[in-house]
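Okay, here we've got a single chain as structure tokens, the form predicted on its own, with questions on binding and movement later.
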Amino acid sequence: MQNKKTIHSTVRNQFSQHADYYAQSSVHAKGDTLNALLDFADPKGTEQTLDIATGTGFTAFALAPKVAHVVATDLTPEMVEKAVELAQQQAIKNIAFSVAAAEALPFADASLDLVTCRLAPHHFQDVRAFLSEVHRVLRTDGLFCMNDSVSPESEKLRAWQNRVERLRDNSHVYGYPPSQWDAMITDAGFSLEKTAHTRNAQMSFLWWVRPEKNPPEVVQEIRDAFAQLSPDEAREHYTVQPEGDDFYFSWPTYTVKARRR
């Protein structure tokens, strides 16, 4: 695994080049993962809220009308700049932005009611430090609602999925299975209240693999990796649907509602 300084640099480099890509991504803008997170958070309108690794802001924008105030943070300045631009276009007033790492949040202890994070922790350099920071900034009984792509419990598929993700995007660190997320969240001082197995939106392989960025031999290596899955694995875990020279698929995701003890 890369060292921590290198991971942050790799993530910034990767995402600084793709703010417009993520701003137009239906996977990040909507879908079951966003609906599940909002349902678990169930805000009452009074919450001081933080959305970590906001990207171009979609989760924070969906939360803003439902909470008192939301701060959206991201490690990558270009992502935050795009999120600011989109928030201004939508005339969202109760939102602020900050460039910050998930493992070093610039907020006081016990200062927040709700913390969210969606489709991002597989890029984090230190998931346990991230969870410790979330615990620190939440008030007692505050809520942490997280969604991320996860790998299956099978060691074989866990290795397969993380290899494929890293081939496509070298800022990918690790996709944990749900059982490991449950253990890490509990160890960090939270009580699990609700979990759900969800999925991100079906994606075109030819869109997802970024042929304009990844060289043809890498694209082919990733395509070959998908072809090596058994029909049952492809269908059950990744909802693979062939379509001409392309195919559609989705990653398994996991949504968690946890309360700070």
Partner chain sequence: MPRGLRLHTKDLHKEGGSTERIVVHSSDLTEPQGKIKISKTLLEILACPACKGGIEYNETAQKLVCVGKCQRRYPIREGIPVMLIDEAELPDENAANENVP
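Residue numbers count along the first chain shown, from 1. In this text the structure is predicted, and so the values were computed from the model without any measurement.
Although it is not shown, the form predicted together with the partner chain is what the next lines describe.
Q: Of the listed stretches (177 to 185, 163 to 171, 144 to 152, 78 to 86), which one has a non-hydrogen atom within 4.5 Å of the partner chain in the model of the complex?
A: It is the stretch 78 to 86.
Q: Identify, from the list Val127, Val134, Ala120, Leu112, the residue with a heavy atom within 4.5 Å of the partner chain in the model of the complex.
A: Result of the distance check: Leu112.
Q: Taking His69, Ser98 and Leu105 as a possible spot, do all three reach the partner chain in the model of the complex with a heavy atom inside 4.5 Å?
A: Answer is yes for this spot.
Q: Does Gln48 reach the partner chain in the model of the complex if we count a contact as any heavy atom within 4.5 Å?
A: Yes, Gln48 lies within 4.5 Å of the partner chain in the model of the complex.
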